[in-house]
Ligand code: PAN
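First comes one chain, alone, set out as structure tokens in the form predicted alone.
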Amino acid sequence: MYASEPFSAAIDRETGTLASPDNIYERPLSAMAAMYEDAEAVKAALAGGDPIIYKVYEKNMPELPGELQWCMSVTMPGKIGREYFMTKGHFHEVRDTAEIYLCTRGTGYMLMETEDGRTDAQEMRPDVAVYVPARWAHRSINTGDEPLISFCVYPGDAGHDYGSIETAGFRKRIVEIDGKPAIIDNKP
């Protein structure tokens, strides 16, 4: 089934909300605890509540070739230990699909890697688009003090593979060292 009629939906570049979203996903820290390097910092943060790390606002589009999925992604500011708030990260189930992220607010990085070990980190800031090539896992990381907001577009049938990242993690981390973001190797 294809979208039967053209449509439009307003996006708010400042809040990251999407008018009339079909789905709103929220990822609290408890759902991402294993993603962070410092288990004690996770425990301490959870003792004070269960903060929302990021939200995604999306429209339901057919998951078919020829269609486009699109959403607004909002990664909140904050850190767990020295590591910045980040999205869970994923490959696409259909590995041969790419994605575009247009940053509308905030600052951070798109951390990317391939299954064969190549890594890259592209800076995210307002009005900068990051192209995530096919076969690259990707994760947004908020290194600023306001929400990191992006408009994202990817093929309708791309799907999401979160399990590979949950199992292996990313090879790199972005952490704060001496008050600045630094890219470091992930400990095995």
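One rule holds for the numbers: they count along the sequence shown, beginning at 1. As the structure is a computational prediction, the values presented were derived from the model and not from experiment.
Separately, the form predicted together with the named molecule exists; it is not shown, and the next lines address it.
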property: Site test, Ser73, His138 and Cys152 vs the named molecule in the model of the complex, non-hydrogen atom cutoff 4.5 Å; result: yes
property: Region of this chain that lies against the named molecule in the model of the complex, out of 36-44, 115-123, 22-30, 60-68 [heavy atom, 4.5 Å]; result: 22-30
property: Close approach of Tyr131 to the named molecule in the model of the complex, 4.5 Å, heavy atom; result: no
property: His92 within 4.5 Å of the named molecule in the model of the complex, heavy atoms; result: yes
property: Contact test in the model of the complex: Glu99 vs the named molecule, heavy atoms, 4.5 Å; result: yes
property: Any non-hydrogen atom of Lys79 within 4.5 angstroms of the named molecule in the model of the complex; result: no
property: Within 43-57, the residues that have a heavy atom no more than 4.5 Å from the named molecule in the model of the complex; result: Tyr54, Val56
